[in-house]
Ligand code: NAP
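This document starts with one chain, in the form predicted alone, laid out as structure tokens.
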Amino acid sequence: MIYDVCVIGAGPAGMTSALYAVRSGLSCVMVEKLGYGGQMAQTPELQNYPGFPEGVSGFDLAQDMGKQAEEFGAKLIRAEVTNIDFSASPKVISTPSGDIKARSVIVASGVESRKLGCPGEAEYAGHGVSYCATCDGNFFRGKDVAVIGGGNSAAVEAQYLAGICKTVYLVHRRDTLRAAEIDVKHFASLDNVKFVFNSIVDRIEGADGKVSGVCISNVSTGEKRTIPVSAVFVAIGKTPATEFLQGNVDLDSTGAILANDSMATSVPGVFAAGDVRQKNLRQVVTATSDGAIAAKSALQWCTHH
């Protein structure tokens, strides 16, 4: 089968793209290696998505979006994209489950967690080193943990963990947080959050196959110490998930896809939506907007080609 549109990724941008595509009469398949929602599904509560004055669970919203797209006719294939051929007609998207052929493609693959790159990180990944507090936090309920980072991602992780863990050490390389002011004020009221400023991680230690501590250095004094923790949650930012594109689409220096206001990329018939593209604001509401625009552009492409 040759689809009109193949959407790579099933976060809010991808699901909205699929919804708008099928409602426009296009045949559409979403390819997603995990589950619906992407980063949104890992957010315990969205407080700034329009229409939910009491907030909404990111996971619940993701499930509803996915169900809505499927009920209108979008198909979901759970697989990882391993290769693409955008020069072919139709375009070819390769997965371990087989090739998918489509007249147009919307890349909505989102972002991936940035790594620390320190000794012990890879060794203990999945055994105390995590990049998602809402995914893995319950494994460390009542224990001491560390969160690495000082931006909004770290703030969300630390706030969630503070509600279930004994002590949360927030390790940040600067002397102040970069998180939103409302989050910083909230931290001040939490007795079990301990700030470790001006510090970087040297290595992550373990015993019996799991994390036992995080070794840090103070960048101002040079002092080194080890904080005993059962888990290290890394929240130092995200990078665009574009490695699979292998240079077939123009990217910026960070790896984000360059796309215009119509979500068109440097390749005719290939569009980008959501956090994976170069943009000033990465939020669920801007991702869904991108998805709707990308679907309209795909419709126009399919109508004239």
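So that there is no doubt, residue numbering starts at 1 and follows the sequence shown. Being a predicted model, the structure only gives us computed values, none of them experimental.
The next section is about a form of this same protein that is not shown, the form predicted in complex with the named molecule.
For the options Leu116, Ala125, Ala79, Ile227, the residue carrying a heavy atom within 4.5 angstroms of the named molecule in the model of the complex is Leu116. With the partner removed from view, the residue among Gln246, Thr254, Asn48, Gln68 that has a non-hydrogen atom within 4.5 Å of the named molecule in the model of the complex turns out to be Asn48. Checking 96 to 104, 135 to 143, 153 to 161, 79 to 87 against the named molecule in the model of the complex, the stretch whose residues place heavy atoms within 4.5 Å of it is 153 to 161. Using a 4.5 angstroms limit between non-hydrogen atoms, Lys91 is distant from the named molecule in the model of the complex.
Mapping the unseen interface onto this chain, Arg23 falls outside it, with no heavy atom inside 4.5 Å of the named molecule in the model of the complex. Ala235 belongs to the set of residues with a heavy atom inside 4.5 Å of the named molecule in the model of the complex.
With a 4.5 Å cutoff on heavy atoms, Arg174 counts as touching the named molecule in the model of the complex. Along 283 to 300, a non-hydrogen atom within 4.5 Å of the named molecule in the model of the complex is carried only by Gln283.
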